[in-house]
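Only one chain is included here, represented as structure tokens and corresponding to the form predicted on its own.
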Amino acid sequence: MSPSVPLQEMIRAIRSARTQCEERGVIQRECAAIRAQFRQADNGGRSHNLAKLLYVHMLGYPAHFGQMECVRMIASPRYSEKRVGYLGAMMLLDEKQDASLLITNSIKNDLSHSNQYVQSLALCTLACMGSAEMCRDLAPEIDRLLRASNSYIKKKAALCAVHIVRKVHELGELFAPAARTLLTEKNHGVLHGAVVLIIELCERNPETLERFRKTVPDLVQIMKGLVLSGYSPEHDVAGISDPFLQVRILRLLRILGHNNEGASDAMNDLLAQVATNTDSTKTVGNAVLYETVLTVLDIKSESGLRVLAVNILGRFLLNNDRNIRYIAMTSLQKIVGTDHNAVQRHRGTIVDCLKDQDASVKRRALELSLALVSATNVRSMMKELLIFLSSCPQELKSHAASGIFNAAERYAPSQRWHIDTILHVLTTAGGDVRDETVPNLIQLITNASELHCYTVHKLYRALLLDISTQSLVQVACWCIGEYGDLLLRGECQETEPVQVTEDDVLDALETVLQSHMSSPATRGFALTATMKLSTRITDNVDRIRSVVSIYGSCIDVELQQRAVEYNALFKKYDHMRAAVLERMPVIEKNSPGHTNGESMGEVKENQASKKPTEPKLLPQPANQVCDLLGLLGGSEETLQPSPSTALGLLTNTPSTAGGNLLDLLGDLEPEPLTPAPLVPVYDKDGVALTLSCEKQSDTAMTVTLIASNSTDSDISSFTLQAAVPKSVKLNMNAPSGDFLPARGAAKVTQMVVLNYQNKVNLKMKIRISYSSRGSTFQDTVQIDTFPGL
């Protein structure tokens, strides 16, 4: 290929290459020719060669050898070369390249050039790849251009000032006076650049924000002029006058009116005018309306205006465009807590969105529908949600089931309705529910004593129909084991009377034990239920004994251990079997914010605050004290007094001569447990992380991280990752879960064991990752001090 081949011919040759190897050959030959011409002192085709090199760069091939040529062409007095040189600099250079420092002086000279197009090239390049050092050096020049008379230059200078403020925050004060004067311009391009610059300044400096709140009347007048202006071919887009500028002004008004009643009052009338006069049949009008709604909801607006904003979002829900429906539900999700009644008016439309084919729209509709559940509509909303659960995509089943459980627990009109709802969810999506569902449902059934007969009959029928849903089978086995006598009586008044025999019940449990679909945990539930039935039936005790003995040699260690212990109850401790297998007592309901028990911090506080009562014991003979070790041995001797706690026995039994095994502890009094202090280390966007430390030795420590979620939406895929210095060894145990329900309904605990040297400077960096409302979030926090270290 000839070195003088035009750019179009080179592109044609590259595209006609049949293989990647042939394409590389074409590019290598052309790059070699370009290098050779770059080395020539008198090169008339410099811009032509650099243009070809930029195309090679766009294809992903190395083009770094053209950086210095860009610097030389920027310094050229010819506009054609300067234009290609600046383009090359924007593509081949960045602030990390040393060559970028060489063009600082050229940019400064071109910013003072008499030709506005040369000034424009310099401004665009600085705004694209200007480093912090370049921004500091050239900021006075940009401030000068912001005050120039040429609108074309002021527009470019305003956008360049935005880049400078982002790179060097403290330079924002330099541009604030000029930005204020730009609002008096008539040119829409200059106004747009000024508004973008003011937004950047206000977001980074609270003092500047207060200063620019005085410009709200000016912004209102500019916006009114846009809304009420007639047709203008230069700015009209689908019947809307300059919607891009309108959106920017509304965004700035939202920032200025946030938490400020005076500024909000000044823009209320304008927002109502925009909301009522903007055409909603076109996408452009919907964009302006959406920005108006966000502004109304974020400032201290009047109640009537907020209702109007919610109604606009309700109209968006009826739009055929799925993107518009999606953003409408996203916005409604944010305000459902503050404007619940206004959002409730659109409940029917929101529920209809559950039938949408788009997965993202379905997810948003599900989250919003769950947030709309209240005590007054819980029955109707649950009916719709259960219908959705039966047909929703697999990836939404877990989220839907979790939301239904939370809503049912919060607003259940009766215990029977609550139990029926959870059983319906388990039947429909039992394989996708969280692990704590089984113990929570068992707790609910235990507390509803008047529904024991009804529940065991219903679960028995469900067990006969399907044994593939593990969570449902586990609850059914537990209920049959606890309330099997009620099942065998067949006296339930709330369901059709069904005569169930002992053989029928044992056949069902044996089917679960022998099924290949049953997990080890499910088999454990079934084996325990079978064992419990030995005290609730009379004719098939031998059959139960044989079933239990079979599993004494099971390959699963947990199942084998249970079977061996149950066999021991049959053989050696048969006189205690009825007492050991009696019905479970009523389980106390967990307090809000806990799942399946108390959190670690509160457990320790309770241990420290409640000092155990220690009953005083009368002196006992040595042989009776020693008989404590034979409590299961069937001895006829009894201890006096009775009952007594183990703690009391250990601490108050006097030492006696000969064989007093309890004297190993001497007369030591147990010291009350001191709770480890909980130190907050992270709190952002409703996600909080606390830390407690427990020193194991001089070189080892256990760190407990407890995460909670105070937002109104559930958090999934929650993970914690830790990093420590190389001199420290870190071992992270498995977390208690990866799901954080809304409003602190449960917490996730992560245990970290650190092994370190005595004099090491201990630090730990934690990365927090989670998903909420369809978005993924990630943040990092560094821990420099550890309590108790």
Partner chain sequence: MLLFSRQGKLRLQKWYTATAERDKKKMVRELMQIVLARKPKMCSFLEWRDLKIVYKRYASLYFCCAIEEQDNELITLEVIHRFVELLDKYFGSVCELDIIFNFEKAYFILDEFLMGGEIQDTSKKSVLKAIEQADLLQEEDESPRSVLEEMGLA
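Positions refer to the first chain, counted from 1. Since we're looking at a predicted model, the values are computed, not measured.
What follows is about the form predicted together with its partner chain, which we do not show.
- Of the residues given (174, 168, 327, 317), 327 alone sits with a heavy atom within 4.5 Å of its partner chain in the predicted complex.
- Residue in contact with its partner chain in the predicted complex (any heavy atom within 4.5 Å), chosen from 452, 397, 306, 83: 83.
- Residues of just one listed stretch (92-100, 406-414, 370-378, 524-532) have heavy atoms within 4.5 Å of its partner chain in the predicted complex: 92-100.
- At a distance threshold of 4.5 angstroms between non-hydrogen atoms, residue 38 is out of contact with its partner chain in the predicted complex.
- Contact check for residue 55: a non-hydrogen atom falls within 4.5 Å of its partner chain in the predicted complex.
- Remark: residue 510 does not count among the residues lining its partner chain in the predicted complex, judged by a heavy atom distance of 4.5 Å or less.
- Taking non-hydrogen atoms only, residue 243 approaches its partner chain to within 4.5 angstroms in the predicted complex.
- Proximity to its partner chain in the predicted complex holds for none of 441, 560 and 684, with the criterion being a heavy atom within 4.5 Å.
- Residues of 234-254 placing a heavy atom within 4.5 Å of its partner chain in the predicted complex, in sequence order: 234, 235, 237, 242, 243, 244, 245, 247, 248, 251, 254.
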